[in-house]
Ligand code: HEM
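Below you will find one chain, with nothing else, as structure tokens; this is the form predicted alone, and questions on how it binds or moves follow later.
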Amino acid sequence: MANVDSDDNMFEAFSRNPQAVYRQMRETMPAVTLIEGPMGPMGIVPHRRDIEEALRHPEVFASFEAVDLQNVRPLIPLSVDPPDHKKYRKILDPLFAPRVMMGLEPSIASLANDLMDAFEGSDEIDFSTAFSVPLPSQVFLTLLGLPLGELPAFLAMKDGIIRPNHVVGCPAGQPEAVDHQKKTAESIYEYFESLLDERSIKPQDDLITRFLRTEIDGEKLTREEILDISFLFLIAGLDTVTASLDCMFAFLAGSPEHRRQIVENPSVIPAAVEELLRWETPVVAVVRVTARETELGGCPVPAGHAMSLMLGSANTDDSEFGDGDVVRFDREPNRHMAFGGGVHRCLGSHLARQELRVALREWHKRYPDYAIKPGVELSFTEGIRSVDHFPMVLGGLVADPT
């Protein structure tokens, strides 16, 4: 296992051109490279074959305690490994099946168009604040049967966990940032405790009520389990779709030929979503912790070691994609790993796909032409590739087709 000085941190280049960084990593790094990160030593795994191997063996490369969001119990199902993981997926998978998510299409389309109505006639917007941040949160509120007026509270809870440094003005991991995360985590549990009390008395046709009622083999979810699932969904379900929208629209804003394919032939959108997920890989990596001393790709790894499995690198690896540096919407098959892999493959992948497909369809009906504001270079965050500000100029405005 090779060592890399923290001063040589490649992640600084991600904002400009992550795909070139991934290629450099695969060409210069062994199976596992040790770096000194802000939270301590971590093994970087850049090659697809090794990433797939790790994801196939959760008994060795475990999710338990791999992520600390100041949660008081493991997040379900992300932080629960087999055999308990299977029980939770058996309960949750039917609630997020493709057929169920397809039923959300009309409401997602309505929410997207309502957001676009708010800036109709504008020549310039901040895409992040006007569209990519509110849309996933509004979809989540709809799933929970909550009023859209709750949006500011949800965004504050999400950012308080994921970006506490933005709130308190100090680097992540510092005492002030950690303290803010802890207080935010407490507020999330309190919020969902209150919501569970309400739904226990007055059930609705929403996700929380389904959590309360769902039963598999005579087993229901406990109250604590529902809280742990809801905590994860709030954090993972909002930021990752926002990041995907930021990445996809940044790419399309700079690539008229790809944008034209979507405008002229909307039937290409499902394939375009898959290809842009592959190319951009908004969730750069997933973290696992070695449950015992092991090896990966011939490199020895000690027990209890954090491992960053670079999904973005796996998604452009020549061993899987002969022309991985080319973005093409007719790629078939497209075995990308943007949603991870193995037993912990993203539970919300079908919901995310539905949101992204509808967003691309509805947006390009009304705004076939747009661009990043001249003179602006977008700055993406490292772990999840979103942007705080996305100045966009709009052109080719057409009337609301609905």
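Everything numeric in this text was worked out from a predicted model, so none of it was measured. Heads up: residue numbers just count along the shown sequence, starting at 1.
There is also a form predicted in complex with the ligand; it is not shown, and the following applies to it.
In the model of the complex, segment of 104-112, 296-304, 230-238, 119-127 with a heavy atom within 4.5 Å of the ligand: Only one stretch passes the 4.5 Å heavy-atom test: 230-238.
Of Arg328, His85, Arg210, Arg260, the one that lies within 4.5 Å of the ligand in the model of the complex (heavy atoms): Going through each option in turn, the one that passes is His85.
The ligand: the contacting residue among Cys346, Val60, Leu69, Ile372 in the model of the complex [heavy atom, 4.5 Å]: The residue in contact is Cys346.
Leu277, Val286 and Phe339 all contacting the ligand in the model of the complex, non-hydrogen atom within 4.5 Å: Looking in the model of the complex, the three residues Leu277, Val286 and Phe339 all sit within 4.5 Å of the ligand (heavy atoms).
In the model of the complex, Phe96 touching the ligand (heavy atom, 4.5 Å): Within the cut-off, so yes.
Exercise: Lys182 in contact with the ligand in the model of the complex, heavy atom 4.5 Å: No, Lys182 sits far enough from the ligand in the model of the complex that none of its heavy atoms falls within 4.5 Å.
The ligand contact at Pro77 in the model of the complex, heavy atom, 4.5 Å: Close contact exists here: in the model of the complex, Pro77 approaches the ligand to within 4.5 Å, heavy atoms only.
4.5 Å heavy atom contact, Leu311 to the ligand in the model of the complex: Result yes; Leu311 sits at the interface with the ligand in the model of the complex.
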